[in-house]
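Given as structure tokens, the chain that follows is alone and in the form predicted alone.
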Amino acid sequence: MELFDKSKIEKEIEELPSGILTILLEAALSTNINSISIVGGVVRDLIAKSKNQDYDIIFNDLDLIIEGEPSKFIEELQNIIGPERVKVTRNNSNYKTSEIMINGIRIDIATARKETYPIPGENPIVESSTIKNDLIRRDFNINAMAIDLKDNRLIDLFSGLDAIENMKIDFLHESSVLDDPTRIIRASRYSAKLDFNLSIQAIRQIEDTINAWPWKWHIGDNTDLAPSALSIRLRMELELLFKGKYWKNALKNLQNWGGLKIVDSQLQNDQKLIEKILIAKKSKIEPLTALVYESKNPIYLAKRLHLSKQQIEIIEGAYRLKIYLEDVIANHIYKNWPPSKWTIFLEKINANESSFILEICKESPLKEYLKSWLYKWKYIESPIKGEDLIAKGWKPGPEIGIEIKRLRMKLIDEEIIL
């Protein structure tokens, strides 16, 4: 296999201090860890760089796989370069993973493992294994490669090298989507970011798996029973998708592949979806919140994906607004309403600004009224305050509030005339 000398890697990735990879290898060998490899996007980028020197490597962290215990490995690193330079920032004993910082460089360390999926879509059963088995459990050919730091060689079990050369992404197994449908979201993200195409076989696997819907849980069932890959992990993957600057292309990929069906059929068929999310994003609304609100049953989907309390409140407020507006439209009672009447009506709904923006993005037929209230009428105040009325001889009481409201509404109606 192709050789990747440690010093050459450090030269290509400017963020890596000179000699750090040799230190990592020494710490592994000192603790009887015979296999330690670099995995992840760095490997893919180094290969791309070897083919095209103009390729820019964007370094975020260094992912390591070891055949051994991360805790012992980290202790040895601290012995070699000092505990003050090796800070443990995260540790997960269940999955035997740790995150450390060395001189500001984030390094993720994981014990090599293999996974089995007893139930499609659920979290896998994990057990320690070899680096080769760890690569076998991964999602795509371009991500199933490792650079062995001991032998300076590339481990490529699924022709990832050729895949990068041909700019083609493929799943590793025929049951990849069955085991973990969130891989569809990841595929769209990588395809958009790298400008790679998904193979015909991979697209067919997505289509066939979703059309068969092999998971025991179906959309519409109790949200609490949804498997992780169709609920919590799905939300996490969607959040990652929207964090990238290529999210619009990623969403287009999902719609082209039929992949949004695992989220919601209405989202899959919405040709203005990206446009609506862009409007919401410009108004400081999280794209995922906007995406969920465009679904067939947004409150249900929000709970299924375990969105935050704040996100759910925004969606519930927007949905409440939608129901009120539908009633207004059905009864044709709004056509002669002055701005004051709209103001009274909309302020009774008790929804926040983000809820109004979501309904505006949804192309409500009454959106011009919503926009007028949101950006103008709601900010108009009574020209006279309570203390002014008291100074004129009014007695404290509810009448003052009624008068202030009357004066405010009068001014709102006058504004439209002016």
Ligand code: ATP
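When you see a residue number, it is the position in the sequence shown, counting from 1. Think of the rigid core as the biggest set of C-alphas that the two forms share within 1.5 Å after superposition. Keep in mind the model is a prediction, meaning the values are calculated, not measured.
Unshown form predicted together with the named molecule; subsequent notes refer to it.
Only one segment in the set 212-220, 154-162, 71-79, 134-142 has residues whose heavy atoms sit within 4.5 Å of the named molecule in the model of the complex; it is 134-142.
For the three marked residues, 40, 183 and 233, a heavy atom of each sits within 4.5 Å of the named molecule in the model of the complex.
In terms of contact with the named molecule in the model of the complex, the residue from 350, 60, 34, 53 that brings a heavy atom within 4.5 Å is 60.
With the partner omitted from this view, the residue of 113, 322, 193, 303 that lies near the named molecule in the model of the complex is 193 [heavy atom within 4.5 Å]. Contact between residue 362 and the named molecule in the model of the complex is not found at the 4.5 Å heavy atom cutoff.
Shown without its partner, the chain has no residue in segment 197-230 with a non-hydrogen atom within 4.5 angstroms of the named molecule in the model of the complex.
A movement of the C-alpha atom of residue 375 falling short of 2 angstroms is seen between the shown form and the other one when the two forms are aligned on their rigid core. A displacement of 2 angstroms or greater separates the C-alpha positions of residue 56 between the shown form and the other one, with the rigid core held in common.
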